[in-house]
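Below sits a lone chain in structure tokens, taken as the form predicted on its own.
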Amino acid sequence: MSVLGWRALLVFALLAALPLVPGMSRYYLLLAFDALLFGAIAMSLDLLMGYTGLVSFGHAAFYGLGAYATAILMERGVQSVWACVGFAVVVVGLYALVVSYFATARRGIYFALLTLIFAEVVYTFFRYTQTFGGSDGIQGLPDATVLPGLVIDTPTRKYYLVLAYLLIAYAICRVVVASHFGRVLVAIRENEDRARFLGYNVPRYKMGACMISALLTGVGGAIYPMRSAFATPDLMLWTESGEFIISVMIGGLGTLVGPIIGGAFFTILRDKVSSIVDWYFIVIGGVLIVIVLFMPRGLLGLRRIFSRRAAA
């Protein structure tokens, strides 16, 4: 209870009731799945961007590796959610350990470039390796099972699966940022040299933040094929990482809740605009420009603006 707070519990209760809304169609439930998944991954990235001050252009690799871990097992007849998530944690964890070890030894743009380079290597490997389907990826996956006889085969069950993931990821992130570890991350963000002078092993703290963020993203990737029934190299493209970053910026850096809102907003906006025009990224870019210029704290910052006006 103390980890989430009554407001968070209320929001999750409302989200849990969403499938019960009259007229809720299969299309909107799957859109809600995508919105919550994207929001959870944006929140995971915010541990690096908003709290540690590290911008990762390679988060799509964690996401894609998690998806491929699930796809590889499912293709071989392993349909258990727990087995797929466990395998994704191992695969993504090993990759993230290598990336974080080398990338956290650098600052600023060099960290971002190293994460991008590693991600491009992984993308190229899966793109041109026919063992994993090449550019087509792994298609036609079966439905996952939580328990024997309990198959995730309906939009409602898939929605509750991603909602459970979001709840667990939010609780983990909330514990991390409220802990001493989280406060050190903020200190590193504000002044890395001073944090090092105070005796903190800055590279280890950075590695820890990167590992937590990567593993949460990898679990999100592992869940994605359970909704889409495929995994392709496109999930690892640098543009996917860019969309995660955009979601964090739209919602609000360093807030946890903000990136969830930003990810959901971005997903819904992209879906609706792309159904109308082909050049939907121009519209999304315009929205981002407006937010950066007039709402530097993101959508969550609107609450502070309105509360100040109400107080005045």
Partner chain sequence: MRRTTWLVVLAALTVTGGAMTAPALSQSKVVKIGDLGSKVGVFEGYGKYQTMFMQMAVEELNAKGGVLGHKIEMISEDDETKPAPAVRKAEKLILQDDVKLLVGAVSSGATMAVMDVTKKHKTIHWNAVSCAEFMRTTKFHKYYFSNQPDSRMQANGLAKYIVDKMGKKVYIFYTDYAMGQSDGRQFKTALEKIGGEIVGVAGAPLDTKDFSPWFGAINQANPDVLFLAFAGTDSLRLMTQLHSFGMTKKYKLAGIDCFLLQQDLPAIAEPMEGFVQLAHYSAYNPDKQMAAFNERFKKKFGVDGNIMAGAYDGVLFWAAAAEKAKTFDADKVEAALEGMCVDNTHIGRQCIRKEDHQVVMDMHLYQVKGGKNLPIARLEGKDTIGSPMVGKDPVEGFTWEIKKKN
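The structure presented is a predicted model; accordingly, all values stated were derived computationally and were not measured. Positions refer to the first chain, counted from 1.
The discussion below concerns the form predicted in complex with the partner chain, not included here.
In the predicted bound form, at least one heavy atom of Phe230 sits within 4.5 Å of a heavy atom of the partner chain. Heavy atoms of Gly108 never reach within 4.5 Å of the partner chain in the predicted bound form, leaving it off the interface. Of the heavy atoms in Tyr165, none are within 4.5 Å of the partner chain in the predicted bound form. Not displayed here, the partner chain is approached by Leu14 to within 4.5 Å at the level of heavy atoms in the predicted bound form. Of the stretches 75-83, 130-138, 193-201, 89-97, only 130-138 has residues with a heavy atom within 4.5 Å of the partner chain in the predicted bound form. The three residues Phe118, Arg183 and Phe244 each lack any heavy atom within 4.5 Å of the partner chain in the predicted bound form. Taking the partner chain as it sits in the predicted bound form, the stretch 29-47 comes within 4.5 angstroms of it through a non-hydrogen atom at Leu30, Leu31, Ala32, Asp34.
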